[in-house]
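Next up: the same protein chain in two forms, each one alone, written as C-alpha cells (structure 1, then structure 2).
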Structure 1
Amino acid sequence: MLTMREQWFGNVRADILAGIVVGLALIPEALAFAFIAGVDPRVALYASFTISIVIAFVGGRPGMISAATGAMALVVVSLVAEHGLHYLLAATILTGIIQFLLGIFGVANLMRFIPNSVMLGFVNALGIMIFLAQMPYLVGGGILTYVFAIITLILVYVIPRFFTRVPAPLVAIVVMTVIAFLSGAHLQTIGDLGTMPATLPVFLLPDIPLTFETLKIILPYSLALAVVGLLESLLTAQVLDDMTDTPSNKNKEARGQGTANFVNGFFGGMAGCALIGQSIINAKSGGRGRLSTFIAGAFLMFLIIVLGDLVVDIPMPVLVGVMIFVSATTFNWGSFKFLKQAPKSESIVMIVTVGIILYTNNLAIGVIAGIILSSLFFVARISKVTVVKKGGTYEVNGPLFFASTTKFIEAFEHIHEEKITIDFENSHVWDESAVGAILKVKQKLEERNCTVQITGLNASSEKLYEQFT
C-alpha cells in the first residue's frame, strides 16, 4: 500500500507537469501512426488515451508511457486494408489476451538473454528513428520552419540552466506557440495532420463473425502484435530502469500491456505498447510515478476535446524541436567509445542491430536478429575444442557440444594405436550430439582394433553419457 501511494503521490507536481508535456507530444505521433495503419485518427487517439489510463494502474514500470505506436501500426497495415477496422479491434483484444498470458508465464525472464550490444543497438536505432520521423515536418517547410525548430531546441537545452520548476519542453512549446500566433507566422500545425475527435471513446463490440475463420485471420496478426509490443515495452522499461536507477516488475508490465490492449480494443483503439520517445520526455521532464502516465492520457483527451481549437494551432516545428532533443538524449553517444574498446563481434552485433531496425523500421526484427547474431558469435567463440596427446592419453580441452563435435571427431581420424585413453577432465559433455561424437570416435577406433578407455567425465557428463550408451 505504501509503495502504491508513493508511486501515485510521491512526485505530484513533477508528474503532473511531465504528463502535460507528454500529452502534447502524443498528439502528432498518434495522428502519424493512424496514417501508417490506414485508420481514422480517432482510432489512434482513443488508443493513446485508453492505454495510458489503464497502464497507469496495472503497469509494472511507473512513469513509462504507452500508447499507439508506429511499430504496432506497421504490423496491422494489411489487416486493415483487407478486412477493415473491426477486425483490427478484434486483433487488439486477442493481442491483449496473449500478452497477459505471456506475462503470467514469465516472458520477462527472457530479457536476461538480450546482450548489452543489442540493447545499445536498440537505443541508438530508436534515437535515429525519432530524429528521422521529424524530417517530413521539416524538409520543404521553408526557413521559418527551421528557425522555430532550432529556437525550440535551444530553449529546451538552455531553460534548465536557469529554471527547473516547470519542464523545459512545456515552457518552450507555450512560448514558441505564442510567438507564432502573435507574429502570424505561416507554419504547419497539428490541425493540418488530421481531424480531432469531439467525444470520449465509447464501449463497443467488434462487428465480426465469431467463427474459426475469423480466428485464422486475426491470430497471426495478434501473435506478431503481442511479440512486437512486449519486446518494445520491456526494452523501453529497461532503458528507464537504467535512466532513473529504479527497478520495475517486467512480468507485471507484460500483464499490464495485455490488460491495456484488451480494454483498448473494446473502446475503438488500435493495439499499442510503450513509446520510447515519450517515455524519455516524461523522465527528462521529471515524471517518475504512475500519475505522470495517467495525466498524459487524461490531458491528451482534455486537449483534443476541450481545447481542440487551441491545440490545432500548435506549430509542428515546435514539437519537432522537442522531439529532436529527445532523439539526441536517447542516442547513446558513448557507443563510439564502445565500438573502439569492445570485441569486434560485439561491435558488429550493435551495428547490425541498428542497421536492421532502420532498414525494416521494425524494432522486434532488429532486436531478434541482433540476439541471433550475438548467439552465433558466442557459439563460435566457445566451440573451440582441442585434443592434446600425452603418451597414450588424449586430453580433451574445451566444451563438447553440437558446435564443437566436428573438430573433436577430426582429431581422432588418423590414430592407429592398440590402446588409447580419452581424458575429459578439462572438458564438459553438454548434449546428445557430444555423446554421439564420442561414441562415433570410439566405434571407428575399435574398428581399427584399438581399445578405447573414456575417463575424466564429471558427474553430469557421465550421467548424460550413460543415458545414451
Structure 2
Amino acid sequence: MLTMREQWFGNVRADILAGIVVGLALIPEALAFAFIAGVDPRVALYASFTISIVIAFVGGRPGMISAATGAMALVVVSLVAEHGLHYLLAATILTGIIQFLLGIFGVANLMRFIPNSVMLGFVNALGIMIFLAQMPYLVGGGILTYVFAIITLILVYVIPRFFTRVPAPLVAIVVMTVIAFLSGAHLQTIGDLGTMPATLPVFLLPDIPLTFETLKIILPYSLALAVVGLLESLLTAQVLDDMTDTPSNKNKEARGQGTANFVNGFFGGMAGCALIGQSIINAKSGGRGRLSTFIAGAFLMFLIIVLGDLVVDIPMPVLVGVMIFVSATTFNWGSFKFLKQAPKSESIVMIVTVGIILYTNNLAIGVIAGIILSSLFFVARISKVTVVKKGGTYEVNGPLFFASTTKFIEAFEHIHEEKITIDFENSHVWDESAVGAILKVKQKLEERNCTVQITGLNASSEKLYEQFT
C-alpha cells in the first residue's frame, strides 16, 4: 500500500486532469438525482461537493469518486415526499453514523457473502428504476420533448467515436442546450423545477424535533441508505482494484463513507455513495490518487457557482436523454446470457432480487431478500447426503450437518443385517446434530440386534464425535 503522501501527490498531473473531467461528468447526474429524490438541485450538488472533498481525505480506495447517487436518491423518495428536506438531512447524518460503525465492525468482510447474482439484480433493478424515474419528464411532454431526448441519446452514443476528451453527456448537453436556445423551442428547463446554488454550502443543523418519533421515521431510511451506499461503494472499490491492479482498504472505505455522509448532512446535502460510472471515467482518464477525487469535487462546485445561471437553461428532455444513457450503462446487458448459462438457482436469485426491488421500491430489501434466498439455495445444495451400500459397508457421501441429517437417518430405516459398517470417508461431521444423528442410527440398529461399526471419520469429525460419546 502506498504512503499517504504518495496517495495524494504520486500522480499530480494526471489526477488534476482526470479530476476536471470527472467534475464535469458529475453535474448532469447530480441534477437528475436531485429530481429523482424530489429535492432542489442544490441539495445534490452540495452533497456531491462535500462528499468528494471529505472522502478524498478519509476514503479507503484512492481515486474512487463518491457523490450524490441514483441508488441513494431512490431510497429517500418517500421520506422527502412525506416529511421534507430536513428529515432527509437528519437521515443522512444517521446513515453516516451507521456506516462508520459498520466499518469499525468490519462490514467489508461480509461482502464475500453477497453472491454476484444478487449484485446483478441490484444493478439491473437500479438501471430500470433510473429509467422509469425519467418518464414523468418525457411522457406527455409533446413531440419536441421526445425529439430532444432522442437526439441527445444518439449524440451521447456517437460522440465518443470521434472525441473522448470531454465526457460525451456534457458535450451533448451543451450542444442541445445551444440548439434549444437558438431555435427558441419551448421546453421545460431545469430552472423551471429548481434553483441553482450561488454559494458554498454552510453548516446547519437539521430543523427537526429531537424525539423518539423522529428517530422512528428516519431510522428505516438510514438503515436502507447505509446498506445501499456500502454495497455500491464496495462494489465500485472492487472494480477499481481490478482496473488499476492496486489493493484498497474496504473497511476504511466504509468508515470513510460514514464520515462523509455525517459531515454532508450538516452541510445541507443528501446521502451519497460511490458512483461506479464516474469512478470508471476517473480511472480511464488516468486518475489514481486522492487528489483526483478532491479536484473532482472542487471543480464541480467551481463550475456550479460560475455557471449556475447557464445550467438553469438546460432543457429537461436533454437531461432525460442523458439519464436514459446512464440507466442503460447501469443495467448489465450480459444478464440475459447469464440467465441462460448460470445454474437455475442463481438465475432465480437474480430475478427475485429485481422483482422485490421493483415491487417494494426498496433496493435494500431486495438485496437482503436475495442474500437470504441464495443462502438457502446454497444450504439446500450442500445438504445432499447419499448412502451407498457396498457389501456390508454403507458409504456416506456428502457433509453431515443440521440440514442433512434427516436424509441420513432415513437411509438406515430398513436395514435388517447382523453387522454393518458405516464409512464416513467421503463425509464430514460438522455439528451436534450430525453426531446426534449418527448415535440415533446406531442405537436404532442395535435395538434390532445389528452391530454397527463406524469408520473413516476424519480428524475433526472424530474429535467432535468423541466429545459426545
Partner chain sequence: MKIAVAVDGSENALRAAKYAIELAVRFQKAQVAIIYVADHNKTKDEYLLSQSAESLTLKREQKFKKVVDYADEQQIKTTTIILKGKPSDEIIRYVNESNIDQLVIGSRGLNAFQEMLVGSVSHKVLKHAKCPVTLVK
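Rigid core: the largest C-alpha set superposing within 1.5 Å between the two forms. Reference numbering: structure 1, starting with residue 1. What you are looking at is a predicted structure, and each value in this text was computed from that prediction instead of being measured.
Between the two chain copies, the one drawn from the form predicted together with the partner chain is structure 2. With the core held fixed between structure 1 and structure 2, Gly456 has its Cα displaced by at least 2 Å. Relative to the superposed core, Tyr87 shifts its CA atom by less than 2 Å between structure 1 and structure 2. Once the rigid core is used as the reference frame, the Cα position of Phe57 differs between structure 1 and structure 2 by less than 2 Å. We note a C-alpha movement of 6.5 Å at Val349 between structure 1 and structure 2, with the rigid core held in register. Aligning the rigid core between structure 1 and structure 2 leaves the CA of Val320 offset by 10.3 Å.
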